Each structure stands twice: as C-alpha cells, then as structure tokens.
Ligand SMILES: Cc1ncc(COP(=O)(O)O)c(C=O)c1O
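What follows is one chain in structure tokens, specifically the form predicted alone.
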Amino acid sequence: MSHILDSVSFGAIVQVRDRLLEQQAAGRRIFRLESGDPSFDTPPHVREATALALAKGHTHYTASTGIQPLREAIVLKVRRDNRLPIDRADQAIVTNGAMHGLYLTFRALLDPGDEVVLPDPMWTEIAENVRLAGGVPVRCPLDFDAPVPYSAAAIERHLSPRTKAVFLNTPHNPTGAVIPKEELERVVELAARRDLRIVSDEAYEHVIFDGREHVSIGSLPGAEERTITLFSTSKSYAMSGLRVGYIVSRDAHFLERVKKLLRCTTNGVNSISQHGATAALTGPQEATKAMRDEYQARRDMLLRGLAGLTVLHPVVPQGSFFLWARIDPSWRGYQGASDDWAMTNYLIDRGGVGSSPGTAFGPSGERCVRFAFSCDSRQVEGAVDVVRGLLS
C-alpha cells in the first residue's frame, strides 16, 4: 500500500554528508561545505543558563507551548527587533527547532489540496512539509536576471483559486538572496488583494551582509493579521543541537490548532534548552554580530576563490551562509555526466570537498551547486584551494 511518506526523500545533503564522513573515517581530509551547521560555540551566557537550569532541576514537563519566561522574551524580542505587532505571550509558541515549527504551521494552516507558492530553488523540507500537510507546493522559479529574484509579480503568475498561502524565506536558503522592503510591500499588497496568508521563515534574520537591514514582512501595514513568522535560535546563536525555534502570529484560531498539534507530537520542547534560549534572547548580542561578520569574511573568501573560474558562476549571497553557483555549459563533466550531481561527485571524489547538488532544492537547481560557508574559516580556505586546483 502506498503512503504519503513514501514520496518523501531522505535528502541529497544527507547522502553527501554520509559519503564525506566515511572518507574522513578512512583518514582523508575533507571539507564540510555541504551542510549549514554553524561552526561557532554557543555563547557562554547561553551555556551557563542551560547548565544552571540543569543544576536547579528544571527537568520536568513544561507547558507544551513553552515556558513563560521564554515566551515573554520572544514577545519583547520580536517587538523590539522585528517590529512585529505581537502583544501577548500566548501569541508566541516554542517549537522543537524551526523545522518542527514549519511542520506545525503547514499542518495547522492547510486543508487537503490547498496550494502554497514557494520560491524554487528552496530548502527541500519546505515542499515536503507542505505535502505532508495535504497541500500542494507550487514552485515559482527565481529569476537572477531580474532586480528581485522572487518578486510579487512572479508570485502572482503562480496563483490559482486553490492558493492558500505565499511562502517567503529571506535571507534565502540556498541562494542567499534578500527581498528588499519595497518588494515585501508589494507582496503584502498582493496577499491582501487575493486574501492570502503569508508564511515567513526568518531563520537567517541575523546573517545578513553589507549593511543590509532585515525586514520582517509581518511588520508592514496590511500584513499584521495574515502573517505567520517563524524564527530559530540555531543560526543566530549557534544552538542547532539544542533545538529551539518559535512561531509568532496574531491569528488565535491558527494558534489553537498549533497547540493541539504540539500536544499530539512533542508535547513541549526540552526544558533545559528553553532556559538557554531565554538567555540567548535577553542577554548580550555581541556574539551574534561577531558571527555575522565572520560569515561575511568567509563569503568574501569564497567569492575571491571562485573569481575567474569559467566553470562556476556564483550568485553573490546577500545573507545566510550559502553560496549558489551555476555550472557553465563548457564544463567537461565527470563519469559521463555534466549535471549538478556530477559536479558534486567530482568535488567529493577528487578533492574531498562537500557541496549540495542544486536539484536537491527543486527543478530550478538543475546544473547548480550550493556551498555552505558555515564551517570554520580554515575549512573554507582549504576548500577554495582545492576547488581552484580542480576547476582552473
């Protein structure tokens, strides 16, 4: 018998990671540019708060929606930093990472057959979670020759009577694109005119470059009541293993549905991690800024290393810690193929360099690869030398 989960993949990035780790175990030097796990340590005050919570015995069940201090800290943070009109702690829900938040959001939002417009390429799990909720992902190809790759005009061309929501991810994984405020305002106008919900994944809100300002679409006039915003502590505070994300919304009916899903899935988030997340949101923010600056330095190192290569054409990331590159038709290929998987396999087999094949992120990723510069700077520097040697 068929099942919806039978159509969900285990993920190309996992396949690449496993190959690299096998080679590392065999003694080969590898370069981990395939996955987006921050190389930094969790800030000291967050570690201290987590350890203190354990020492004080905060190891019992919590409210399924999150401990009150963390939910209150979330409200203060999103009002102060994101200018979101969130007024009360019951408009914030703590999740087991942003991934869990996405599952909860689409499951609570969609009825069978509802369509969600999303950018293509896009992090694989977005479309998977839409499908798991009974929805239909509608892919809007990014246009890198346009002033804004993912625009309101392009989104509108993909709407139908079945469209329920528009999905945004800015800064964007896998390309690093940032949607400017003026375009976000056009998206809000479109959503209001067509009575659409907006799901905004802002996991990379603090990883933004060249002096740009992150704008939360839910802060714009007309978006307040129709926007669901998701955040993560993984990228901003290097807490990926602690698994804390959060959803904020003003829609009481949606939030009630999410609460029911929480009860039937995780019934709450790790109590110790929640105390660490509270410290992250309320404590010093210097570490977050320092990580952003180091990511920008790594981005620039990678761009300099790829400059002049005729085989790869990078898209300059405006945020996130990913670099998207198109494979030139002139590339001679590897093992009889010249697609994105051939490039990924070539870089692994010949140089021990990890990357992610573009088609892992959707059909528009054909003949593209993604490099993650979330690994430490020495890894990036070493990978640049290897890639130049292989592709010059």
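The first residue of the sequence shown is number 1, and the count goes up from there. What you see is a predicted model; the values in this text were computed from it and never measured.
One more form of this protein exists, namely the form predicted together with the ligand; it is left out here, but the text below deals with it.
- Of the listed positions (R243, R292, R71, H275), a single one reaches within 4.5 angstroms of the ligand by any non-hydrogen atom in the predicted bound form, namely R243.
- With the partner omitted here, the residue from Y237, Y150, F106, Y204 that has a non-hydrogen atom within 4.5 angstroms of the ligand in the predicted bound form is Y204.
- Not displayed here, the ligand is approached by G97 to within 4.5 Å at the level of heavy atoms in the predicted bound form.
- Heavy atoms of N129 never reach within 4.5 Å of the ligand in the predicted bound form, leaving it off the interface.
- At a distance threshold of 4.5 angstroms between non-hydrogen atoms, N173 is in contact with the ligand in the predicted bound form.
- The shortest heavy atom separation between S232 and the ligand in the predicted bound form is within 4.5 Å.
- Contact with the ligand in the predicted bound form, defined as any heavy atom within 4.5 Å, is confined among 120-128, 264-272, 251-259, 157-165 to 120-128.
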